Structures are given as C-alpha cells and as structure tokens.
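Alright, two takes on the same chain below, each alone as structure tokens: structure 1 and structure 2.
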Structure 1
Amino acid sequence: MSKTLRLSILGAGTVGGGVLALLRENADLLQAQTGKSFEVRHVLVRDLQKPRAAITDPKRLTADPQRAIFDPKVNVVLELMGGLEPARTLIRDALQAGKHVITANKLVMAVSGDELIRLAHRQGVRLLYEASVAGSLPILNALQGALAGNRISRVVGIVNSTTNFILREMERAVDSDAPAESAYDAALRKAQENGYAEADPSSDVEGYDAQYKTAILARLAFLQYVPLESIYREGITHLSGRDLLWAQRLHMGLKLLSISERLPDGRLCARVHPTLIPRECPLYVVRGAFSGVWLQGNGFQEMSMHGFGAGARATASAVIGDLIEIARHPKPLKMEDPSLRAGETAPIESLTMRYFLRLVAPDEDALRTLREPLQQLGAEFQPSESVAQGIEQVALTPPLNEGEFQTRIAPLRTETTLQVIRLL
C-alpha cells in the first residue's frame, strides 16, 4: 500500500461530516500514527446542490455510487449512509471490487454481517465496523484484540444513548415534581431538540437499534453467530415517570440494557429490555447521552467502560480508529472469522430473574384481590399509596422462571394497570 490512502465516503450527513472534520483537523496526528496521508477522492451524496459545511472541495462530491466505489485509485470505502439499502449493496459492491470497507451501519452488520464478513475474507480485504456499536467506545476492537484470550461469560451494555438520555430526563422530571404521566413525552421532545432522537424515534425507543447492536456484540463476545430474530426486544415507550420514582426509592437505576450471557447448559441468550440495576452496578453512573459496557470473563474478571455515544464526533472517532487499523494492517488474517460459528440460542423464557411489578387498581378491595397470586409467588410488597388512577402498589419477586412467571401474571394484565420490569 502506498504512502497515501485514498478514500471514498458514502454519505455526508452527521457521521460523514464528523469524519471529514476529524480527517482535516487531525491530519498531522494520523500521519504520525500511520506514516500515511489520507486523501478523500469522492463523497457520495443525494443532492449535489445542498450546502455542506464539512466539505471544503465541492469537486469531490458525486451522486454516482459507481464512481465512488469503482475508482481504481480508491483503497478504502467508508459507508456512512445508514439504513439497510442501498448501503448493503454498496458495501457488497465495494468488497467485490477489492476495496477495504469501514461501516458504521449496525443494521447491515446485524442482518447481513455474516455474508459480508465471508465476502471480505474471500476477496482478501478488510471489513471493519467498530462504529456500529456504542459510539466512541472501542468495545469491538477490545473483544477481538486485548480481551480475545478471555472466555467471556456476560456482556451488559447501555448501547443506545438516546434512550439513556430520555430515561435520565425522566429522572430529572421526577426530581422536580413534574407530572409523572408526561415525563416520557417531555423527555423525548428534549432528545429530539438536542439532535439525539429522530423525528420518528421508533428505532431507538422501541429497542430496535439496541437489538441490532446486541447481535454484533454477542457474536464477537461469544464467537457464535446470533440471528437477529433470536434476540428478545422490548423498548421504553411503556415506562412512566412513576417507574423512575420507584427506582429511586428502591435505590436503583432504570436503564435499557443489552444483555448477552452464556447459560450453564451452553446456550447463548441475548436480549434487550428495560432493567432495574443496583447502584453498585458500574452502569448506574452512565448518564445522559452516554453509552457503557460491563463485561465479565474468566481472565480479567470484570471490566467496564463508558463514553459519549451520540452525535457526529463520537461515531466519527470510531470510524477514524478503523481507518488507522487498515492503514497499519491492510492484510486480513488468513483464517475465517471465528465469530461466525454456529451455536444454539436460548429464548428469554428459559431464564430465571427477579421482577419489579407496579399495580394500579381503582380501590383497596380490587388491589387486595390482585395481590393474592403475587403473594403465592413470594413477592414482597411496598406500602400502597394513592395516585390519580386509584391506588398503586409495588412488589418485588424472588427469582422466578420467566416463562412460568409470565403465564401466572397474564390474567392480571386484563384486570389492572400492571407494569413489569426485570431486575439485573
């Protein structure tokens, strides 16, 4: 590879603009780190007339993906468009053309990562995707590098910084005595105003974004291919400010967590759902638009890291890290990626967990009737109190099998307002 690494950047939005800015600002640092200079030959955009502050040379702009990908002088293609298509096809085309590829696209890597990784191996090029998970955190490189000699038993992460920001704002609303019923809507609006949430926030708040990232994290941590459909997903749209209030009263935090773990029978279980965590958990301190990951393994025992997870520069930082890796080590390993091995996954119904339940009934007699089946499960109750809808009471269960627990409480869901949140 020559002393100049020539790039095509597909997409000049938030992440693409951040990458262009860092390439320009840190040109001397990149030269010192790699011994190479970096030349942007093409920037693929949809609208050639749209003003773009990050692009200093408009002649580099193109609306033609073929020009950006098949230019024989281009060494590395950076896919920063997002979405499944045309991004997946363009990545495939670039790999087939013998180009190294860097992507920040968690959806493509979750859905088609196995195919693309194998294609890169056949073509003798590198496909790197650190930026697809947890913003600036170098968690994927750590799993494939410094931590690769450990047998990982559990990975727990806040991998969607938007929902973490929303939950923190809901906490603030509770602290300021704002109406609990409007806490979620107000927090979502603030996330959108700050640029952390899209106009249609469903990918974040319904847990899809975290599910994509969980598929990638679990595959690399446990060296097992993880189908997206095997990952249980639950978002945060059903949460109330009352849940955040009770989390504080119970000396816990409430987070949307990505959890992957190897079960005693050897199966891998991966899931995404809101989770109550104790204050001593390393992820409790991860607030606002930050991401964090907590790992357990047989060598290092426990390790955690957290950092800013949203916005242009956090993701761009990971993209630039991958670019440095390719500049230093352009030749891939000859062995196939071990993370694509087949393995058995376990449904969430096979797990044993504790649960937080918040019941709201119109009166004390109705509440007493609802308590009886929970008492049979060994639940411990907090004192009841009056709320606008009637009477509210919270219970915590002992460890119970998920499948059996859900079957037992199913009748209660039709008779009352029932909130169920799992405990870590």
Structure 2
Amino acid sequence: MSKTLRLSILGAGTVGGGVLALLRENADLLQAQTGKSFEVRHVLVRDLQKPRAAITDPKRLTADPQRAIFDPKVNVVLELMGGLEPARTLIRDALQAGKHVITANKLVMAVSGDELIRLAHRQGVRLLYEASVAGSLPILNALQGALAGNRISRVVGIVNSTTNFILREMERAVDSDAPAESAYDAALRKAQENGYAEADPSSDVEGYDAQYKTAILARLAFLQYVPLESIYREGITHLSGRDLLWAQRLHMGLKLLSISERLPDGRLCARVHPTLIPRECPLYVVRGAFSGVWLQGNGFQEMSMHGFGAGARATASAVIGDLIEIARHPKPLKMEDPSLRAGETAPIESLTMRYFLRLVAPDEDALRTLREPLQQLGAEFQPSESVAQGIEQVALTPPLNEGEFQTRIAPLRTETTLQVIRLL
C-alpha cells in the first residue's frame, strides 16, 4: 500500500461531516499513527447545492456513485449515507472492485453482514463497521480482539442514544413536575438537531435501530448467526412520565436495553425492550446521549464501558479508528471472518423474569377486576393513588415465565391501562 490512502466518502451528513472534520484536525496524528497520509478524493451526496460546512474543496463533491466507487486511485470507501439501498449495493460494488470498506450502517450489517464479510474475505480486502454499534465505544473491536478468547454468556447494552437521551429528558421533567410527554417531543427534536437520531426517528423510538445493533453484537459475541426476526423488539413510545416516576420510587432506572444471552439449554435469546434496572447495575449511570455495554464472559467475568453513542465527532472517532486499522493492516485477518455456528435461537417466551405492572382504572371496582388475577400470579401491589385518569396501582411480580404470563394477561388488556415493564 502506498504512503497515501485515497478515500471516497459516501455521505456528508452528521457522520460524514464529522469524519471530514476529524481527518483535517488530526491529520498529523493520523500520519504519526500510521506513517501514511489520507486524501479525500470524492464525497458522494444527493444534493450538490446544499451548503456544507465540512466541505473545504467543493470540487470533491459528486452525486455520481460510480465515480466515487470505481475511481481506480481510491483504496478505501467509507459508506456513511445510511439506509439499506443503495448503500448495500455500493458496499458490494466497492468490495468487488477490490476496495476496503468502512461502514457505520447497522441496517446493512444486520441484514447482509454475513454475505458482505464473506465477500470482503474472498476479495482479500477489509470490511470494518465499528461505528455501526454504540458510536464511539470500541465494543466490536473488543469482542473480535482482546475478549475473543472468552466464552461470552451475556451482553446487555444501552445501544440507542436517542432513546436514552429522551428517557433522561423525561426523567428530568418528572423531577421538576413538568409534563413528561411534552419533554418526550422536545427531546426527540433535540436529538434530531444534535444529529443523534436516524433519518427516520421511528427506527430509534420503536427499537429497530437497537434490534439491528443487537443482531451485530450477538453475532460477534456468540459467533452465531442471529436472524433479525428472532430478536424480540419493543420501543419506548408507550412509556409515560408515571413509569419514570415509579422507577425512581422503586430505586431503579428505566432504560431501553438490548439483551443477548446464552440460555442453560444452549439456545441464544436476544431481545430489545424497556427494562427496569437496579441502581447496582453498571448501566444505571449511563444517561443522556451515552451508550453503554455490560458483558459477562468466562475469563474476564464482567466488564462494562460507556461513552457517547451518537453524534458527529463520537461516531467519526470509531470510523477513523477503522481507517487507522486498515492503514496498518490492509490484509484481512482470519478473526474477521469467524466461522458462525449454526445454533438455535430461543423466543422471549422461553424466559423467566419479573415484571413491573401499572394499572389505571376509572374506579375502584374496575381496578379490583384487573388486580385480582394479577394477585393470583403473586403480584405484590403498592397502595393505590388517584391520578388524572382515575385510580392507579402498581405492583412487582415474582419471576414468571414470559409465555405463560403474556397468555394470562392478554384478556386484561382492554381499554383500561395495563402497563407492563420487564425487570433485568
């Protein structure tokens, strides 16, 4: 590889802009780290007229993907545009053309990662995607490198920063007696302005983004192919300020968690849903636009890391780390292509866990009708309270099988509110 690495950057939005800025600011450092310089030859965008602070040389801008991918001088293509297509096809084209590829695209890696990793391997080039999970956290590198000699038993993560940011703002509203629902709307807007949210933010708040990241994490942690449809997904849109208030009263935190674990029968269970966690959990302190990952393995026992999980510069840090890695080691290493075990996955219904229940009914009779079957399951209720919609009562259950529990509560889910949140 020559002394200069020539790059095509597909996308100059939040992440692309951050990468261009960091490449400029840290050019001397990158040279010192790799002995190479980096030249941006093309920056692919949709709209050539849009003003862009990150672009210092407008001649590099193009709206022609072919030009960006097939320029024979380009060594590395950075896919930072997002979405499934055309991003996936452009990554494939770049690999087939013998270019190294770096991507921040969790959707592409969750859906087609296996195929693309095999293609990169066949082509003798590298495909790196650290930025696709948890922004600045080097979790994928850790799983493939320093921690690769461990049998991982569980990976628990706050992997979506937008929802963690929204939950924090709702929590603040509860603290100051402001309406948490308007805090939700304002926080989502702020997450979009700060560049944390996806182009379609329903991917964040409905849990799809966390589901894609869970597929990528579980694949590397357990060396097992985890189909997206096997990962249970629930977002945060049904949570209210009362849930956050009760979390505080019960000395717990409420987070959207990604949980993947090897069950005692050998099956792998992966899921994404709001979860109440105790204050002793290392993820309790992970707040706002931060992401965090807490791992358990048979050598290191347990480990956690947290930091900015989204935003221009934090994500660019992970992309640039991949670029340095390619500059230093342009040949694919065997550990990048772990042979995936064909293993069984288990649905969430196989699990046993505890639940927080919040019932709201118009009057005491309606509340009793709802409460009694739950008491038969062992739910222990707090005293009831008057709220705007009537009477509210909350309970914690003992450990229950998810499948049986959901079947038992299905008839209770009428127009009366029955909020159910799982405990870690």
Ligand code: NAP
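Sequence positions of structure 1, starting at 1, serve as the residue numbers. Since this is a predicted model, take the numbers as computed values, not measurements. Here, rigid core means the biggest group of C-alpha atoms that superpose within 1.5 Å across both forms.
Of the two forms shown, structure 2 is the one predicted in complex with the ligand, while structure 1 is not. After superposition on the rigid core, the Cα atom of Glu206 is displaced by less than 2 Å between structure 1 and structure 2.
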